[in-house]
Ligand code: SIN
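Below you'll find only one chain, the form predicted alone, shown as structure tokens.
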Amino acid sequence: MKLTDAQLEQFHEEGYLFLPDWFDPDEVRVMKDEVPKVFAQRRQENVREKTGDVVRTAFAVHTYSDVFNRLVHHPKFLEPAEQMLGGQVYIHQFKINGKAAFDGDVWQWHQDYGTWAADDDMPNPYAMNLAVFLDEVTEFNGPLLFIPRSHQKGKLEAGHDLSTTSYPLWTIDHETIARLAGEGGIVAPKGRPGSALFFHCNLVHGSAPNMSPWGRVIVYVSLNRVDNAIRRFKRPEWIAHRDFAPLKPISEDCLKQLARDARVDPRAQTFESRGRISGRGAAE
């Protein structure tokens, strides 16, 4: 699952890489079928919108869902991440972000490393996000907005916004955003379910509210290089993880196997009962 030299060059130059149809329909179905079960749970890891009883972000799902535990070990994620970051990686954060129809709130302009440095004392920006679309992402349902090449500016000054949404965030002021957008423009990668986005932790990004009747769900895995582990532990472990063991890739068909099993045994209700994947890549 190695990326080409041209793809790596684009990532390092622009700060992101968009890969249409990176996961196939069977893999997407397995993940998408799991989301309603996750969002239905009343647990502290599920942060809900201020405007309604809908999930904004479900954190740490890989710790209790076999489906998403397999995803974080998938070679389609791990091998490109190691190429991009230049070393072995661990999970700093896992989340499923929902933009519910009509209720999906804004994500203000920010850099992820700004929060990770301020709150978690991550030493250097040797981290990145891997994202997979579980719904079609269009111009109408709150796509991610990127300012290309903004990661080259380093960590920008940010203020701690505790009130705009239900989730606190270190955000960038309007004057800085206007200047950066004037230099690099703004892009909004859109695509079918199964499309993937890889982006640098210093890339400035955000998303508008979802005013459309079409919801969208994106899964994010934030990976950090193992020699760049965080040094402050004030946030809950389900937001900023403490397990710094390097991830190991497992079989490329790890998600497809669950889809095949579900077809063979349609009575199966959940995937959690199947063997989870350990950090070493073997089934427990």
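Note that the coordinates shown come from a computational prediction; the quantities given were computed from them, not determined experimentally. The first residue of the sequence shown is number 1, and the count goes up from there.
The same protein has a further form, the form predicted together with the ligand, not shown here; the description that follows concerns it.
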Heavy atom to heavy atom, is residue 225 within 4.5 Å of the ligand in the predicted complex?
-> no
Closest heavy atom of residue 216 to the ligand in the predicted complex, within 4.5 Å or not?
-> yes
Contact test in the predicted complex: residue 97 vs the ligand, heavy atoms, 4.5 Å | yes
If you check in the predicted complex, is residue 151 within 4.5 Å of the ligand, heavy atoms only?
-> no
For the three residues 83, 127 and 200, verify that every one has a non-hydrogen atom within 4.5 Å of the ligand in the predicted complex; reply yes or no.
-> no
Listed range touching the ligand, judged in the predicted complex by heavy atoms within 4.5 Å, from 151-159, 68-76, 118-126, 204-212 | 204-212
Note: exactly one of 144, 89, 147, 172 sits with a heavy atom within 4.5 Å of the ligand in the predicted complex, namely 144
